[in-house]
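Just one chain follows, in the form predicted alone, and it is written as structure tokens.
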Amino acid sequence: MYAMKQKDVTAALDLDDKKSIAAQWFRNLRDSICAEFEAIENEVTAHECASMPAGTFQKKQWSRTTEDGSDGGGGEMSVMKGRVFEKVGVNISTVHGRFSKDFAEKIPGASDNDGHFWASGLSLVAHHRNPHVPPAHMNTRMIVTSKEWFGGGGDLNPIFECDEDTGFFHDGFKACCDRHDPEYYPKYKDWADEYFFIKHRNESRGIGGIFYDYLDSGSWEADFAFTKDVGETFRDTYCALVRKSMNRQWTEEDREAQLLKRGRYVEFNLVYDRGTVFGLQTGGNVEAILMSLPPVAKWD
């Protein structure tokens, strides 16, 4: 009875309702993640960090105009530079407008909609002071052209791989996927392994996670429920990993390895990352788009 009632309510939602609900969810998820990360900032006891002030998120709104000068939506950056998180950004945006003809041909349904689109989502990238705390990325989004779908995922990019951490991270996402469809995890894990690969280096960016896009199962409610679960699973799993390692000691050699690994992260984001390409192609805020880049990196 409950499931039928929920299905009937969802069927009554029009597209504007769906957009509003999804955009508000991304904002709520942003708020919960930022609160957890600020709590972590106040918990660290490692002597390298404890003497520094705890970080807090600084928010900055931005807006965009379309080619004809009309409102094209915008977003809000939330960036923290603290004693655990050397730099972390949790950004949200809701934008709309029209793709260029060439870019529209690459986006499902855009050519059938004269290039018009609407997109809302959250994007997170975390870089830490302690080289033993693994950097991570996560995003979730809803996109509408003549079609509508969800996408997202999360991946872990440790400087020093730890089998226990890798297993914990993947177990969290597998349990998340299995709650919705047993076929999701193997499919989305393989997609992440393929996507988060630095082709010109012939190496993986990290230990993977899950990646999905163009998710339109025929049930908006089911796809949205999965996307919400992905965001919450990442938040809870990743915060546990940060707390586990944030008080470990590190050496100058560890820091050097961290900075070189960050260089690989920069290369991937500037050459291959879909979010970077999408943001730049749609006239997004450059500062927000490049938020993913680490504060310091090296190349040897």
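When you see a residue number, it is the position in the sequence shown, counting from 1. Predicted model only: the values in this text are computed from it and were never measured.
This protein has a second form, the form predicted in complex with another copy of the chain, left out of what is shown; the following refers to that one.
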**OP:** Indicate whether the candidate residues C34, C49 and R243 are all in contact with another copy of the chain in the model of the complex, with contact defined as any heavy atom within 4.5 Å.
**Re:** no
Original post:
Tell me, which of E43, E267, D254, E232 has a heavy atom within 4.5 angstroms of another copy of the chain in the model of the complex?
Top reply: E267
Original post:
Which listed residue (K147, K81, K106, R179) meets the criterion of a heavy atom within 4.5 Å of another copy of the chain in the model of the complex?
Top reply: K81
**OP:** Using the partner position in the model of the complex, report whether R129 sits within 4.5 Å of another copy of the chain, counting heavy atoms only.
**Re:** no
**OP:** Would you check, heavy atoms only and a 4.5 Å threshold, whether K101 touches another copy of the chain in the model of the complex?
**Re:** no
Original post:
Is there a non-hydrogen atom of I21 within 4.5 angstroms of a non-hydrogen atom of another copy of the chain in the model of the complex?
Top reply: no
Original post:
Heavy atoms within 4.5 Å of another copy of the chain in the model of the complex: does K87 have any?
Top reply: yes
Subject >> Stretch in contact in the model of the complex with another copy of the chain, which is absent here, among 23-31, 269-277, 235-243, 60-68 (heavy atoms within 4.5 Å) >> reply: 269-277
Original post:
Considering only 282-297, what residues come within 4.5 Å of another copy of the chain in the model of the complex, judged by heavy atoms?
Top reply: V286, L290, L293, P294, P295, V296, A297
